[in-house]
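Starting off, we have a lone chain in the form predicted on its own, written out as structure tokens.
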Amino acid sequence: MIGERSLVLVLLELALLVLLGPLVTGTIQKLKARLQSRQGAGLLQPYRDLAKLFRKGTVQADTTSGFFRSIPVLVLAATMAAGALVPVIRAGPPAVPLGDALMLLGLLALARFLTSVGALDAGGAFGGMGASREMTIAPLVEPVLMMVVFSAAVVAGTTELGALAAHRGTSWILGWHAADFLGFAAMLVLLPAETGRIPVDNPDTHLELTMLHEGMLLEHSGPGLGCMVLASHTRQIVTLGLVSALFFPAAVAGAGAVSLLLGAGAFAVKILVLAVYLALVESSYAKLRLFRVPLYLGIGFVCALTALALRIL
């Protein structure tokens, strides 16, 4: 039986997610460069970019309201709060009730909503375009994520991520059913959309015809932009951690240093595998036209709905 995760362990896991978020982005960028026969930037380049942004001053448009300056902090706070709900080192519910997978999805949706509000508040054309496109894709992604969570919760009888991971335990390797394969397939389809990557979005472009998330960040600068970029790094690793908790939990018992290191190492390996998957997808496919994105996300919807139906029936 896996015990509860103490508040200190939860905070340690949150710090690990925030610290490793930029490294995951750097790893994906490096893998993409190698797959495309380029040298590419170093693995630590995202950390250098964040340090540069936090040292710069802030430039704010005259059309923005007073709420605009607080949006980056709120987005980062919502994303970090979502990260606190993801079991990283150990499975099991937290000793202090913090929330479940539905709250995690709600916090990620809140961060997306605040980002869109900030883009609209500035009154720029690019920001409004990016916000409208983001809000078009969000209703296609969030219900599918909820159905995947529900398909796992039907068996475990709870929506708390730590309890879900503990319920699967070490038997997840041999305990996969058709619903698990379909749910995992749905998450593989949704990962590029939720992390803002090809074929849904392109994180490396600033062209008005292709950018979604980047278009909403153009009016931010300095530390505010640094908070938004750090939030996007954290959101990416939180999403990967959600996949890990639902399908590949690390059921490491004990509270010793060796157990904690084993849990952290297992989590790093799983995140690396998912990062390689994202890099392969980005290097193998072109960005879809906006009107083709619903057809692509519809594949994930069908897989998630079928997985949920198999669990219920």
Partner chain sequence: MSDLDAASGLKLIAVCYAAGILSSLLARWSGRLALRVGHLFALAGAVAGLGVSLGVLLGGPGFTLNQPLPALFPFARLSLSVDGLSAYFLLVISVVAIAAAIYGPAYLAAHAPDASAARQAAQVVALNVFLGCMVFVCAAGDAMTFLLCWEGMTLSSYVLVVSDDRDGENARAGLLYMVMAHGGTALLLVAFLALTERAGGFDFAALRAVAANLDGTTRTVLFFVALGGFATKAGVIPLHVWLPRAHPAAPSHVSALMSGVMLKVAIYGMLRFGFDLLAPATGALPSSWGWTVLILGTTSAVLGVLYALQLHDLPRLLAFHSVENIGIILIGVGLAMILWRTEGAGGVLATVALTAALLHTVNHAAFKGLLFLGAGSVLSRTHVRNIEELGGLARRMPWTAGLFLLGAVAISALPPLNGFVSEWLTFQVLLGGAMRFHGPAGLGIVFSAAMLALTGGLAAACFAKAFGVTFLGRPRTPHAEHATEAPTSMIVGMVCLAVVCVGLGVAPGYAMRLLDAPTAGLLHGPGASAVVTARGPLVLSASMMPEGTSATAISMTVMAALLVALAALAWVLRREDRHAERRAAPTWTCGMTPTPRFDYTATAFAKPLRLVFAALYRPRREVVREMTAPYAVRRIRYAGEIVDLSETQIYHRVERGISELSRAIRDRSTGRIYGYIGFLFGALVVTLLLFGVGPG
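Positions refer to the first chain, counted from 1. Since this is a predicted model, take the numbers as computed values, not measurements.
Omitted from view is the form predicted together with its partner chain, to which the following refers.
Partner contacts here mean any heavy atom within 4.5 Å of its partner chain in the model of the complex, and among 277-285, 35-43, 51-59, 240-248 they occur only in 51-59.
Screening Gly92, Gly224, Gly215, Pro192 for any heavy atom within 4.5 Å of its partner chain in the model of the complex leaves a single hit, Gly224. Using a 4.5 angstroms limit between non-hydrogen atoms, Ser259 is distant from its partner chain in the model of the complex. Remark: Val96 counts among the residues lining its partner chain in the model of the complex, judged by a heavy atom distance of 4.5 Å or less. At the 4.5 Å threshold, heavy atoms of Thr64 reach its partner chain in the model of the complex. Within this chain, Asp201 is remote from the site of its partner chain in the model of the complex, having no heavy atom within 4.5 Å.
Remark: all three candidate residues (Asp121, Met147 and Leu230) come within 4.5 Å of its partner chain in the model of the complex, counting heavy atoms only. Residues of 82-108 that come within 4.5 Å of its partner chain in the model of the complex, judged by any heavy atom, are Ala84, Leu85, Val96, Pro97, Leu98, Gly99, Asp100, Leu102, Met103, Gly106, Leu107 in sequence order.
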